[in-house]
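Form predicted alone, single chain, as C-alpha cells, below.
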Amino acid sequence: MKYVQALLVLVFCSFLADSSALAVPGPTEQLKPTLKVLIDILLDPAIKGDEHRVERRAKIMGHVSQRFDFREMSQRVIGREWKNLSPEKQDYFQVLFTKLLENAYIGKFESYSGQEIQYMGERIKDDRAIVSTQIENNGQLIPVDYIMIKKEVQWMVYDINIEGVSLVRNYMEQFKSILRRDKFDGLVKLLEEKNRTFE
C-alpha cells in the first residue's frame, strides 16, 4: 500500500513538473509583449518630440531592460577581458555600454511610424533561441533576428542581428583592437567621450 501511495505521489509530482514546463512561455511569446510596449511608447503622442526625449528614453530603457540582458551583452563584447575586471569595473562598463546602445540605437527607433513587425518563426536549441522577424521600411522588408538566452524561466535578448549584422559581434570587433592598444581604461575613456557627444 505504501509503495502504491509513493508511486502516486511521484506520478503527481511528475505531472506538476511537466505542466509547469509547458506553462512557461517560449521566446517569441515573451518577446512580443516587450516589443509591443516599446512601439506603444514610440507612438505615444504625449511624449513625442525633443522636449520629451529624456522622459521617453527613460520609459523605453526601463521597459526594455526587463527583456534585454545588457550585462550579458557587455560581457560578450569585451570577451575574455571581462573575467579580469573587478565587480565595480564590470558594473561601470555595463552602465557605459548600455548608455552607448541607448544613444546609438534608440535614436534610430524614435523615427518609428507604425511599421508592422512580422514574426517569421523561432529556433530553439537548449538554452539558446533565435526569434526571426521582419519589419517594413520604405517598401523593403528588413530582417531582424533577436538572439536570446534562457535564464531560469526568462528568455532574454543578448544580441540583435539586423540584415545579417550582429550588434554584439560588431562592437566586439571594434573593442578588440582598442583593448589591445589602449587596455580597458582606454576603452572606458573612449566610451565616456562617445556618450558625451550625444548629450
Partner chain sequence: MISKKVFMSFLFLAFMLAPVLDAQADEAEGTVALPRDYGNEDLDTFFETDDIYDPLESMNRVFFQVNDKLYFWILKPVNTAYTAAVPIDFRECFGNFFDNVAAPVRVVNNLLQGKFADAGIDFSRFMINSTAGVLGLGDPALRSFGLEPKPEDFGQTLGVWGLGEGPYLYLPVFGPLTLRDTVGFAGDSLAHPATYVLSKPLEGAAYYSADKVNLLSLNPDLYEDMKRYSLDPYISMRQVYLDYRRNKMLDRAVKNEMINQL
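Everything quoted here is computed from the prediction, not taken from an experiment. Numbering follows the first chain given and starts at 1.
FYI, the form predicted together with its partner chain isn't displayed, but the following is about it.
A residue is said to contact a partner when one of its heavy atoms sits within 4.5 Å of a partner heavy atom; Q140 meets this definition for its partner chain in the predicted complex. Among heavy atoms of I78, none comes within 4.5 Å of its partner chain in the predicted complex. Not displayed here, its partner chain is kept clear of V24 by more than 4.5 Å at the level of heavy atoms in the predicted complex. Although the partner is absent here, I41 is not a contact residue: none of its heavy atoms lies within 4.5 angstroms of its partner chain in the predicted complex.
Partner proximity in the predicted complex, defined as non-hydrogen atoms within 4.5 angstroms of its partner chain, places exactly one of 58-66, 31-39, 44-52, 168-176 at the interface: 168-176. Shown here without its partner, the chain carries P87, Q90 and M156, none of which come within 4.5 Å of its partner chain in the predicted complex through any heavy atom.
Looking at 103-128, the residues that come within 4.5 Å of its partner chain in the predicted complex, counting any heavy atom, are A104, Y105, K108, M120, G121, E122, R123, K125, R128.
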